[in-house]
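The form predicted alone is given below as one chain in structure tokens.
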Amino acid sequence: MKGLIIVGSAKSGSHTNALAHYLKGHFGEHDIEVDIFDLAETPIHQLDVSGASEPSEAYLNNVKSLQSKAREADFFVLGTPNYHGSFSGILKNALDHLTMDDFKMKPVGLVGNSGGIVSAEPLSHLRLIVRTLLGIAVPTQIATHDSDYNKLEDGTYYLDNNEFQLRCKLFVDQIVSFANNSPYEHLK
């Protein structure tokens, strides 16, 4: 089984990235291979169906990598910071480069982080998009705040909240259960 975590923060080394790495560790406890596709570290070009723009070769390769990883994934985790009460534009752009075939009947976990007021609204917005892409958004979601993290000496964030650490375990267990026991396998 393979999973793909897409980090939709525009900032390298973000809180969302820290949460993605924490979750990857929990998936590892289930012997599940998970890739993290961080859009700050691996940027992609804006979707342009008109063909008017000429994205660089690096951006084109990044999109191909995202699409390849998405097609191989048995489940997804979509991570976003809270940008003005919704999810990030770069995450929306990444999802626009993918198709229903990538998400069809696959479990999708939703995680987000807020720097200001804690809000699950970005995850509610993503839930609608996942449904439209024919994915199955799992019931448990994670909405953290900057204060739920601490920093290592090198400046790397890590999740430092016991309640959210337990929620992460439940979240991962739920995604794994959905992926292993999918009654929709015949619909893919």
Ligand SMILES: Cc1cc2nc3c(=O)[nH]c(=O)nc-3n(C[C@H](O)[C@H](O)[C@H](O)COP(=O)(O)O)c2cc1C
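Values in this document were obtained by computation on a predicted structure and should not be read as measured data. In case it trips you up, residue 1 is the first one in the sequence shown, and so on.
Below, we turn to the form predicted together with this ligand, even though it does not appear here.
For the spot marked by 14, 83 and 117, is every residue within 4.5 Å of this ligand in the predicted bound form through some heavy atom?
The answer is yes; 14, 83 and 117 each reach this ligand.
Residue 35, heavy atom within 4.5 angstroms of this ligand in the predicted bound form
Close contact is absent here: in the predicted bound form, residue 35 is far from this ligand, nothing within 4.5 Å, heavy atoms only.
State yes or no: in the predicted bound form, is some non-hydrogen atom of residue 41 no more than 4.5 angstroms from a non-hydrogen atom of this ligand?
No, no contact at 4.5 Å.
Residue 160, heavy atom within 4.5 angstroms of this ligand in the predicted bound form:
Contact check for residue 160: no, nothing within 4.5 Å of this ligand in the predicted bound form.
At the 4.5 Å heavy atom threshold, is residue 121 in contact with this ligand in the predicted bound form?
Contact with this ligand, no.
Go through 160-168, 5-13, 173-181, 21-29 and give me the stretch that gets within 4.5 Å of this ligand in the predicted bound form, heavy atoms only.
Of the options given, it is 5-13.
Need the contact residues for 136-175: heavy atom within 4.5 Å of this ligand in the predicted bound form, sequence order, or none if there are none.
Only 146 sits within 4.5 Å of the partner.
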